[in-house]
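Only one chain is included here, represented as structure tokens and corresponding to the form predicted on its own.
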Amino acid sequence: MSERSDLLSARGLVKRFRSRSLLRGGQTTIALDAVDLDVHPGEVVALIGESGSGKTTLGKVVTRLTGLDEGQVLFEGEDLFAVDRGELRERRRSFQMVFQNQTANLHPKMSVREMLDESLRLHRPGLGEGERRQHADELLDRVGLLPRADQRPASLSGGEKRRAGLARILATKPKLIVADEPTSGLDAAIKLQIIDLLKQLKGEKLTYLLISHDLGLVRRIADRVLVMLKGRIIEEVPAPLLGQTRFHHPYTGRLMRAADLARDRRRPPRERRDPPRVTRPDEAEARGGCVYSPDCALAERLGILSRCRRERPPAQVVGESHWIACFGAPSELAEEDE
């Protein structure tokens, strides 16, 4: 791990959801299972994994948008779950979350400029009317929406709505942005515009926790990648090595092949393996071992499946800023990835 100071540091995060469905018998799902996380100033940390792996829950927990059963979240050294609501409102200016559905965060009867003015009045009350207008125009220019400043959300495209949402968040002068699927549902051209915007803002030393299924986006903008599965982080890897290194967790390798980012992308499509199968939560949560064990061909091949189901695998360091939670030796992980 880096020796830089942490902007965000989380330890032992546990979050449980209990189903009220009679069909599921009040089953408890572990959304976060003893998760540790560090984010340093000015970097982009990406969370990847299949739907239901806990990525969005983790984003909501570290911004205190949802509760926590166990663990601690420190932002600039301060425990976010120890401050009262009034103090939290002040702290929240420094960290914001961008959701997939930006339409829900935009007032339908306000223009983009009016929404920014409202955000500036709320979060920067010392500004006068003229100063607010100047700052609003500067923000709109930064996200490329100045010509659309007087338009309401209904007149904006999907990409423009994402930009408007980012402008509102930038009005608070945050240090950390948690971006949940910022390019989902956009066509290729608009997606590239959003990626360029995120990269530009990254250059201004904004810090991101990026939640995404778009592995192409992750490779282009992230510094580090955390792979999540069923509430656990099972691998950390530098973004340039994603799909390029010989060593990956078996689950990560399957993600890469499904996304066509693996080193063996020349393999004919008929020989590629199927995408990861989503295992029912209770299959793995009933065990104290590896959450990937029900699907792991490597564990079966090595004859260690019973151990994987009993014991939680420790993190194995396989390179600089690269570790994998797996009982397989690096040579075996490399063999599995080929």
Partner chain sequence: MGDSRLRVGLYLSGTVVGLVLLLGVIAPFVPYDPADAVDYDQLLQAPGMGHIFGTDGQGRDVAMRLLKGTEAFFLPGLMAAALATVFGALCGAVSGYAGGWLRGGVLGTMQLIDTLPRLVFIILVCTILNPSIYLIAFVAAVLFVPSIATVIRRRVEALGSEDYILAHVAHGFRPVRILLYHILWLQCRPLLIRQATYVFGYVLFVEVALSYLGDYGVQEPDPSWGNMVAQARGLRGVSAWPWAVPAVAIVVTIAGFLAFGNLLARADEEEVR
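Residue numbers count along the first chain shown, from 1. This one's a predicted model, so the numbers in the text were calculated from it and none came from an experiment.
Another form, the form predicted in complex with its partner chain, is not on view; read the next lines as being about it.
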Judged by heavy atoms and a 4.5 Å cut-off, are Ser9, Lys15 and Asp36 together in contact with its partner chain in the predicted complex?
-> no
Pick from Arg92, Arg133, Arg219, Arg246: which has a non-hydrogen atom within 4.5 Å of its partner chain in the predicted complex?
-> Arg92
Note: exactly one of Glu76, Asp137, Glu118, Asp196 sits with a heavy atom within 4.5 Å of its partner chain in the predicted complex, namely Glu118
Close approach of Thr172 to its partner chain in the predicted complex, 4.5 Å, heavy atom = yes
Would Leu65 count as touching its partner chain in the predicted complex under a 4.5 Å heavy atom rule?
-> yes
Proximity of Leu201 to its partner chain in the predicted complex, heavy atoms at 4.5 Å | no
Indicate whether its partner chain has at least one heavy atom within 4.5 Å of a heavy atom of Lys161 in the predicted complex.
-> no
Where, among 238 to 246, 162 to 170, 219 to 227, 181 to 189, do residues come within 4.5 Å of its partner chain in the predicted complex by heavy atom distance?
-> 162 to 170
Are there residues in 106 to 121 with a heavy atom within 4.5 Å of its partner chain in the predicted complex, and which are they, in order?
-> Leu106, His107, Pro108, Lys109, Met110, Glu118, Ser119
